[in-house]
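The chain that follows stands alone, in the form predicted on its own, written as structure tokens.
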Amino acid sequence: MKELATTPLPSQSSLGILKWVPRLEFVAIPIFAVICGFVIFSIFLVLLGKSPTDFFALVYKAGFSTAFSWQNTLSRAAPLLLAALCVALPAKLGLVVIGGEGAIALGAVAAGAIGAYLTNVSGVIALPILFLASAFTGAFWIGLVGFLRIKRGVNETIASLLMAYIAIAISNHLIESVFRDPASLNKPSTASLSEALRVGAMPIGIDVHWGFLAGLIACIVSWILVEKTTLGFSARIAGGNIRAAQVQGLPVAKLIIGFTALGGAIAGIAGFYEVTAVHGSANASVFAGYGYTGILIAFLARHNALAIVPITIMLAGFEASSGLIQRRMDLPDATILVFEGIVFVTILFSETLYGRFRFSKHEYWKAGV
């Protein structure tokens, strides 16, 4: 307190701005961490004898420079928005759920399998059925993680990760046996959906399907749910101190199962759009690792549903550039994954910086009131 007393106090006219300064660390620290990740990766490229300048120039060219680049970026961003919410929503309750890939896989199989039997049904009726089937399948699968956490005390991180592998194995089995289209010889898949069951592109001038808009809406609605509703407030209280929430009479068990099921439903919807808007059937191409990239996005966004949007677009642009980097710089296709991994590690290390700086403490600015 002695140090605070000797600190020059801000003028009354500047207090309106300065009261926001403590919150700036939630923007400044992630940006600093990302820059550190860029620097570390640049050193990695130099050690390989490659030019960091060429690498980042190609990333910009392939991901953000033209309308075609934005088309690729936003198309990749659509499932990532939904996959990231599968991590971010349970995180509000202090849960680390990393099994979104399994919900995406099962949601895709549900859409592909049911869609194969609705070929003669109008899209107005069939598409909502496929949408709900994918959502319910994902909700059931990730909701099991919350159920195991509450009823049996199973760690949700381990449970969700193992269940993701189980879900992918089940999906592969169903695609290659029960629901396999006999005409799919080289690449097992479900029967191709009829044109009436295909989701087209949005009328925005570039070929980006409606799944991207669904992801944006899901992020906005999720933010409103968490930040502006009683249910979201209860979830944040439980996430801060679960025992205190129980003492206050909050339905912690229902919140945990509900938020994990909601996250799973959103991930299942990503599988729905991958089948109806991209691949036209459920096959191995659906298992593209979107659920695992969603973990990185959610942590970069600090589980803020609105912050997920720009970070998703940035990472989607990075991934859209992987092919061009492979051809132009003679680097493996996994180079982008190395880059994302380094950024993820620097973000995790940056967590230790929050609240360590004097200007980030509310008491520092309250002294001037």
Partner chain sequence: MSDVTDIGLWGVPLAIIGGAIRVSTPFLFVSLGECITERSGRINLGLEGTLIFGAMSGYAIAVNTQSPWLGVLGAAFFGMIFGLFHGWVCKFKGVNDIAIGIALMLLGNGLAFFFGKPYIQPVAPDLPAISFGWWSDIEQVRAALQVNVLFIIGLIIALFLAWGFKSTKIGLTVRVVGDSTDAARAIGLEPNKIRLLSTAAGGALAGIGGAYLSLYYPGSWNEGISSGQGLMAVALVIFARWNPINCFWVALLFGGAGALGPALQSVGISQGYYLFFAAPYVLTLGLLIATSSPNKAMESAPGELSITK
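Positions refer to the first chain, counted from 1. In this text the structure is predicted, and so the values were computed from the model without any measurement.
There is another form of the same protein, the form predicted together with its partner chain; it is not shown, and what comes next is about it.
In the model of the complex, none of the heavy atoms of Asn304 sits within 4.5 Å of a heavy atom of its partner chain.
The closest non-hydrogen atom of Tyr165 lies within 4.5 Å of its partner chain in the model of the complex. Taking the partner from elsewhere, Val345 is found to have a heavy atom lying within 4.5 Å of its partner chain in the model of the complex. For Phe299, a non-hydrogen atom is located within 4.5 Å of its partner chain in the model of the complex, even though that partner is not displayed. Just one of Ile158, Ala253, Val221, Leu132 comes within 4.5 Å of its partner chain in the model of the complex, counting any heavy atom, and that one is Ile158. Among the residues Leu216, Val154, Ala244, Leu231, the one placing a heavy atom within 4.5 Å of its partner chain in the model of the complex is Val154. The candidate stretches are 288-296, 223-231, 106-114, 253-261, and the one lying within 4.5 Å of its partner chain in the model of the complex by heavy atoms is 288-296. Counting a residue when any of its non-hydrogen atoms is within 4.5 Å of its partner chain in the model of the complex, there are no hits in 179-216.
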